[in-house]
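A single chain, nothing else alongside it, follows as structure tokens in the form predicted alone.
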Amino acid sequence: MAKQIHLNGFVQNSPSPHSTGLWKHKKDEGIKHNQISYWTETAKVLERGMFDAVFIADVLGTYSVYGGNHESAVRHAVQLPAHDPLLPISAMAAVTEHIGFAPTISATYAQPYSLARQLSTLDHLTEGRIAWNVVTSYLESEAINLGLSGRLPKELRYDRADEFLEVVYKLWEHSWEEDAVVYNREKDIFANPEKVHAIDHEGEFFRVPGVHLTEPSPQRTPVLFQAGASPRGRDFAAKHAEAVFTKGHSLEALKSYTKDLRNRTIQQGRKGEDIRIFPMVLPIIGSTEAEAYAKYEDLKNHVSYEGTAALLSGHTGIDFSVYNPDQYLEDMETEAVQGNLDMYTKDPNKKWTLREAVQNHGLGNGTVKFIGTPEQIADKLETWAIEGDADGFNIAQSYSLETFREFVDHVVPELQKRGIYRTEYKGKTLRENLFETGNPHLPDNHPARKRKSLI
């Protein structure tokens, strides 16, 4: 059987989050992100396209590195307004049956006890279709507005996230035994207290003595997404993640990333295939190649230069307002998103000026663009899946929602015709569909399942 490609729809609860300035495009519907109908239609379109999940990015702060203030972010809707990623999920779940939902929540600013309850509740309400994109957050404004004096150092953020996951694993996997709920009406016993355990966690960052507040959900632990790019981030993903989101310019960069990440996963005592790798792709589709490239030029004309410079400054933690636009970008370490800097400073095929990086970053946050006919785009997806060892793709948007409709209507049938993409959902839960198994739970080699190491 040919390798099967998996797809997620990449969204954010903001007007034009990943293609800065495209809210102005006549086909864009992003300004409706504050309406339930926008989200229910998004979910229905993606489920019609047999996508695995709606992947919901998020930040808790403003992009105020550029010029030292938030003015550019406000003026150009640079992921601002930024509405909550969790709240649309129940509405989307109510109008769908199969597609999953992967909200982004920061392990730096959330509390494990309450977050475990939120995600378990959603996993119950969706009948096992919840994931969690675990991030450690990179914006200084997030830290300040959430009561800290500044952004925590990267190593400390990952140390905290490691313990955060240890706590939620105890709550999700080990607090309630599988048969704790008995529903015994005759004896007036809803659940057997002997099978509900306090986790008694005491660590460097958290003290959580009690029991989990919800009974086991269909998946127990949500599907775990992560997007680590730095060496520490990749080790964190290799230890915890079931699916990893990445982006880059080239097939060669993807090959290097997938090989490295799978090796790190094996070093963690897991199998290389235990982790699904999803590079981000922005499709630009035309009935002819010329039409697709004409569309690309039109989309570039809608990009906001200042807004994208503010976005790139926030992504990298570098104030590009003081840079000459024709200055070449230099390789350096950042406490923000290392991957967004590495795309432009470690590209073996090109030296990037700031102007070029901003122009590229404005569509799809700088990710690779697949431009062409449905057949040409399917060719590229197939090549990246096979030669690049990708398991699937996070599909980004230029103009919101219509990009998904075009992809579902024109590229998905081509993938199905080649036998490399599903024609129906086989599983009940997100984990079953993502890994094509009949098991809704984490495998036994995942650290969350190793009871002795946790309790």
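Only a predicted model underlies this, so the values are computations on that prediction, with no experimental measurement involved. A residue's number is simply how far along the shown sequence it sits, counting from 1.
Another form exists, predicted in complex with another copy of the chain; not displayed. Remarks below refer to it.
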query	finding
Whether 235, 285 and 359 all lie within 4.5 angstroms of another copy of the chain in the predicted complex by heavy atom	no
Options 424-432, 407-415, 24-32, 48-56; stretch whose heavy atom lies within 4.5 Å of another copy of the chain in the predicted complex	24-32
Contact residue in the predicted complex, from 290, 87, 322, 332 (heavy atom within 4.5 Å of another copy of the chain)	87
Candidate from 75, 355, 300, 174 lying within 4.5 Å of another copy of the chain in the predicted complex - any heavy atom	75
Residue contact check: residue 231 to another copy of the chain in the predicted complex, 4.5 Å heavy atom	no
Interface membership of residue 351, another copy of the chain in the predicted complex, 4.5 Å heavy atom rule	no
Exercise: residue 399 in contact with another copy of the chain in the predicted complex, heavy atom 4.5 Å	no
Contact test in the predicted complex: residue 196 vs another copy of the chain, heavy atoms, 4.5 Å	yes
Contacts with another copy of the chain in the predicted complex, stretch 162-190 (heavy atom within 4.5 Å)	176, 183, 184, 185, 188, 189, 190
